[in-house]
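Have a look below at one chain only, the form predicted alone, in structure tokens format.
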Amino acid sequence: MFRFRLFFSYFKELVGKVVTVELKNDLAITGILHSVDQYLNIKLEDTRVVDEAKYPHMLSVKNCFIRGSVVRYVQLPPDGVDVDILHDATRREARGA
């Protein structure tokens, strides 16, 4: 459960930034992270599909809610990664704190 809290805390810091969410069905959606909850459900605004030719029916979707259980990856903005915070959290988890 600690891992979910770590990710939840981390994603809360990314609210307002552009992220790309890849789903388990291979659909990748880029948008502004509006919110995330403790189940890692994600709400995106101003969305666009990465492969528009493969998913033309998604062109009209501008906002979406993504259930956490269908997320494969979340690509973060380069400036959104604070390596020191991640190292500290990983050390705490390894110690069982």
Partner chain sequence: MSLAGPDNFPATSLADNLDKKLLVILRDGRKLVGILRSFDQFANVVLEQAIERIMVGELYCDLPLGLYIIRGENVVVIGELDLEKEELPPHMVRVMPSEIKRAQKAEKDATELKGTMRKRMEFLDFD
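We call the rigid core the largest set of C-alpha positions that still match within 1.5 Å between the two forms. It should be emphasised that the depicted structure is a prediction, and the values quoted were computed from it without experimental measurement. Positions refer to the first chain, counted from 1.
Heads up, the form predicted in complex with the partner chain isn't pictured, but that's what we're talking about next.
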Is there a heavy atom of Glu22 no more than 4.5 Å from a heavy atom of the partner chain in the predicted complex? no
Should Met58 be classed as touching the partner chain in the predicted complex when contacts are defined as heavy atoms within 4.5 Å? yes
Check whether Val50 has any heavy atom within 4.5 Å of a heavy atom of the partner chain in the predicted complex, and answer yes or no. no
Report whether the minimum heavy atom distance between Asn41 and the partner chain in the predicted complex is within 4.5 Å. yes
Could you run down 63-86 and flag each residue that has a heavy atom within 4.5 Å of the partner chain in the predicted complex? Asn63, Cys64, Phe65, Ile66, Arg67, Val70, Asp82, Ile85
Would Ala89 count as moving between this form and the one not shown, using a Cα shift of 2 angstroms or more after superposing the core as the test? yes
